[in-house]
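Just the one chain here, the form predicted alone, laid out as structure tokens.
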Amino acid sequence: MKELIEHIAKALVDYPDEVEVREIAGERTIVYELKVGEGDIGKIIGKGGKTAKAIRTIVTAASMKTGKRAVLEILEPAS
């Protein structure tokens, strides 16, 4: 799943080398933290949050096969 999130994010941003996905696995939930380069957060969020919602929908659907709930957190880049 981590690779899928990285692939999608890198296709959307101007600075793909700055895309970072961290996986935090719990007993019943996996949290994915997505960080992108400064200036690329708007491309991941999209107009009205539609891009972020679409990515989260894909992550949720793909996680159904694992039996664990998946949560995607999109983090602001460090200034």
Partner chain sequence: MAILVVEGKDMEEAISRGLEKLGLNRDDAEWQVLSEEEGKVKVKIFRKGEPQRIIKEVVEGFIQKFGAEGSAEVIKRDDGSFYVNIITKDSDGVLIGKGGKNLEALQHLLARMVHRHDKSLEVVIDVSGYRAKKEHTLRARALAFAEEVKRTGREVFFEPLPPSLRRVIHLALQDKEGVRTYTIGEGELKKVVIAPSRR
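Positions refer to the first chain, counted from 1. Nothing here was measured: the structure is a model prediction, and the numbers come from that model.
There is another form of the same protein, the form predicted together with the partner chain; it is not shown, and what comes next is about it.
- Taken together, the three residues 7, 13 and 55 all come within 4.5 Å of the partner chain in the model of the complex, as judged by their closest heavy atom.
- Mapping the unseen interface onto this chain, residue 3 counts among the residues with a heavy atom inside 4.5 Å of the partner chain in the model of the complex.
- Using a 4.5 angstroms limit between non-hydrogen atoms, residue 28 is distant from the partner chain in the model of the complex.
- In the model of the complex, at least one heavy atom of residue 61 sits within 4.5 Å of a heavy atom of the partner chain.
- In the model of the complex, at least one heavy atom of residue 65 sits within 4.5 Å of a heavy atom of the partner chain.
- Along 37-51, a non-hydrogen atom within 4.5 Å of the partner chain in the model of the complex is carried by 43, 50, 51, in order along the sequence.
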